[in-house]
Structures are given as structure tokens and as C-alpha cells.
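Taking the form predicted on its own, here's one chain by itself in C-alpha cells.
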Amino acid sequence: MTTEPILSGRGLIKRFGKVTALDSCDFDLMPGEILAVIGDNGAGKSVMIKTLSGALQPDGGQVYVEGKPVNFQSPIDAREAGIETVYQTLAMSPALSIADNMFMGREIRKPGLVGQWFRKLDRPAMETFAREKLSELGLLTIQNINQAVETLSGGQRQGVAVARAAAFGSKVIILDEPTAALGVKESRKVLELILDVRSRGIPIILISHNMPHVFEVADRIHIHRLGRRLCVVDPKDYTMSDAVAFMTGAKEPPSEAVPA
């Protein structure tokens, strides 16, 4: 693992009126890791992630991708830089097919004049690509690539969203509470998907309130409190109780856990 973060933020500030949601916040995601982000409700986790992924623009500070400063004006800018985000709502259209949802906003057109002038979609190419990506991640229970997303289970929908992010997120994937609304069996499948994506070399930011899941898959844990990074800990060195105590302010983290 290199010492250069693939995605980082320095001194990020975000205000909403008189409320300071990010207060000189720092962030670092290293190549090839799963970085969990935890914090109490209202700590500023979602605002930080939205600032890093272009959904919000910071009032101060700087975001860097592979050490180069970037100024994302929208999630599309972040997407073009290789950063994909899967929000808790999944951002999918239930009535459209799996393939249509995989390519929403980046459809493949037919080659030549038919695609260029008449905007005809290359559906066979889209369906083949979608089927390949689902198969790569072991989502073989989905037989028909053209079935509507609304006919899928919660775990399958989450799987499609993760597969879409893995297909197009060349540098970073951000997952916001991916197991929040899932049962035990479906949550297990999503955790396996996360590990599978990491094994392909794509670093992942995992925002979660589920401590057992965090401690199972994370390489490092970013603990967020009062709008800034409190500390970063190794889950092998601390317990879930320690993490909750740091997160709520019941316990101060040791100096070695606080980034310089």
C-alpha cells in the first residue's frame, strides 16, 4: 500500500446558515482499502461524503484525487474522475430493467448514424455488459437481465447498485449504509460483495452504523465527531465498545490513533 491517499480532503468546511456541518475536516482513503466511516447522528458524515463526491461544494478546504486538487461541481464530475457513490436510497428506477438501471445516464448508443442522429440504444451491448458484471460479482440468482428492478429482493437491488458502482467506479466506491434495510442473509451477501470489489483493487468508503459489519470488513475506521475527523483506528487494535466511546465522546482516543 502506498503512502499517497487516492482520495483526500484537507480543512474541509461546509456551513448551512449558522450551522457548521464540517469544521476543518480532514479525510484520507488509501489505495486498496476498505475505510469505514462511523459517527453519531448529526456528526457530519453524510455532508463529508457528499462534499467528497461532488453533491455539495465546500465553503473552504480542498479535495484531492491521487494528490491532485479537484473542484467537483456535481456528482457527474466525480463520476468522470472515477468516483461512484451508492446512496442508501440506491437511486434506481423500480420500473426499469436491471440493464437500464445499470446504464442510467450513460447509455450505449448504436454505432453510426442510427445512434448518433436517431439516438437508438445498443440494447444487446448493454445487456451483455450488465450480465457480465453481475456474474463477476456472483449475482447468479438474477436470471433475467431485463426484469424490472421492483421485482428484485432488497439484497438483489443492493447487489445491482454495487455492481453498477463497481462497473464504472474505476478509482473509488462510496457505500452509504448498504446493509441498513436488509435481513441477515442479504446483509451477508452484500458484505461478500464489498470484499469481492476490494479484492479487485478498488478502494471502498463504507458508511455504516452496524458495528459488527464495520469491524468485520474494514481495514481502518475513520471516527467522525462534531464535524471533523476525531481519529482513525485499526479494528484489530480496538473493540466495538472503544469505537462507540470515542464516537460519543465518552472516551478520548489515544494520541497514536489521532492523525497528525
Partner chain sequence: MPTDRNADNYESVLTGASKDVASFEGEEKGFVGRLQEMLHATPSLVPLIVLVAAIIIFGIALGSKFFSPFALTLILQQVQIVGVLAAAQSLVILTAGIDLSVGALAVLSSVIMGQFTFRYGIPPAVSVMLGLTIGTAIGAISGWLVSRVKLPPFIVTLGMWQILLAANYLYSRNETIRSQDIETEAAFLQLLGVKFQAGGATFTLGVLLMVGLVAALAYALRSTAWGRHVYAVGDDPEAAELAGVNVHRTLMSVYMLVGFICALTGWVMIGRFGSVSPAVSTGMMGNIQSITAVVIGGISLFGGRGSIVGAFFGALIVGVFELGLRMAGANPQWTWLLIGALIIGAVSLDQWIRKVSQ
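Take the two forms, superpose them, and find the largest set of C-alpha atoms that agree within 1.5 Å; that set is the rigid core. Numbering follows the first chain given and starts at 1. What you are looking at is a predicted structure, and each value in this text was computed from that prediction instead of being measured.
Although not depicted, the form predicted in complex with the partner chain is the subject of the following passage.
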query: Triplet A55, T89 and K120 all within 4.5 Å of the partner chain in the predicted bound form via a heavy atom; finding: yes
query: Partner-facing stretch of 59-67, 26-34, 212-220, 40-48, counted where any non-hydrogen atom is within 4.5 angstroms of the partner chain in the predicted bound form; finding: 212-220
query: M104, heavy atom within 4.5 angstroms of the partner chain in the predicted bound form; finding: yes
query: Residue contact check: L137 to the partner chain in the predicted bound form, 4.5 Å heavy atom; finding: no
query: Contact flag, A167 vs the partner chain in the predicted bound form, heavy atom cut 4.5 Å; finding: no
query: Heavy atom of D100 within 4.5 Å of the partner chain in the predicted bound form; finding: yes
query: Among the candidates A125, L182, A148, A81, the residue which, in the predicted bound form, approaches the partner chain to within 4.5 Å (heavy atoms); finding: A148
query: Within 236-252, the residues that have a heavy atom no more than 4.5 Å from the partner chain in the predicted bound form; finding: Y238, T239, M240, S241
query: Displaced residue check between this form and the one not shown: E84, CA, 2 Å or over, core reference; finding: no
query: Core-aligned CA displacement of G154 at least 2 Å between this form and the one not shown; finding: yes
query: Rigid core superposition, I98 Cα moves 2 angstroms or more between this form and the one not shown; finding: yes
query: Residue pair G154, A43 - Cα distance in the predicted bound form, closer or farther (3 Å or more); finding: closer
